[in-house]
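The chain below stands alone and is given in C-alpha cells; this is the form predicted on its own.
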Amino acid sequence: MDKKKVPYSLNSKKVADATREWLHKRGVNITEIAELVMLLQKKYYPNLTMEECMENVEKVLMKREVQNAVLTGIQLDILAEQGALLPPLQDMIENDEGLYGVDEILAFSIVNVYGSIGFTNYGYVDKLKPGVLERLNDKSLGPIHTFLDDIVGAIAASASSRIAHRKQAEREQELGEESAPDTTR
C-alpha cells in the first residue's frame, strides 16, 4: 500500500479562529486591548469611541502576520509553563529575563506591519504597562506571559497606528485633498 501524502494546505479560518481562542484561553479579551488603544489615541482624537478602537483591534487580528505571532508566542509561553523547553531557554522565558529580547522581536513583527507610529506606541505601552499589560506582566499570578504581554501591547499599538493613518486620510478627504491609497487594511 503506497499512501500518497496529502499536500499541505493552510486553512485561514482555522488560524484566525485559533488566534482568538488562544487569546481567550490566556485571559485576554478584545475589549482590554481596545482600552489600551483608547489610552494611546484619545489625546489625539477626543471623539474616538471604544467601538472604533475595537473595530481596529479586530482588523489587526485579521492579518496573518499577527495571527502567526500570537500563536507562536502563546505556544512558547505554554511550553515554558510546562517546563518543556531546554535550558537555558527555559529559564530565560520562565523568568522573563531582561536581556532576552526575542519576545520584543516577535512583537515588532506585528507593529512592523503598521509603521513607525506603531513602534513608538508599542514602546510607550511596553514601558508603562497599563491595564491588561500590568496583569499579564504580574509574575505572582502564575501563568507565564513572557511573549503574550508584548504581543498584546503590539496589537494595541498597531490598532492605534491604524487609527492614526485612517484619521489622517479622513482629514484629507474633508479638505478635498487627494490622499494616498490605504495600505493598512
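What you are looking at is a predicted structure, and each value in this text was computed from that prediction instead of being measured. One-based numbering along the sequence shown.
FYI, the form predicted in complex with another copy of the chain isn't displayed, but the following is about it.
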Which among 151 to 159, 126 to 134, 27 to 35, 46 to 54 is in contact with another copy of the chain in the predicted complex, heavy atoms within 4.5 angstroms? 126 to 134
In the predicted complex, residue 81 touching another copy of the chain (heavy atom, 4.5 Å): no
Decide whether residue 144 counts as a contact residue for another copy of the chain in the predicted complex under a heavy atom distance cut-off of 4.5 Å. no
4.5 Å heavy atom contact, residue 65 to another copy of the chain in the predicted complex: yes
Can you tell me if residue 165 lies within 4.5 angstroms of another copy of the chain in the predicted complex, counting non-hydrogen atoms only? yes
Counting only heavy atoms, which residues in 85 to 105 are within 4.5 Å of another copy of the chain in the predicted complex? 85, 86, 87, 88, 89, 91, 92, 95, 97, 98, 99, 100, 101, 102, 104, 105
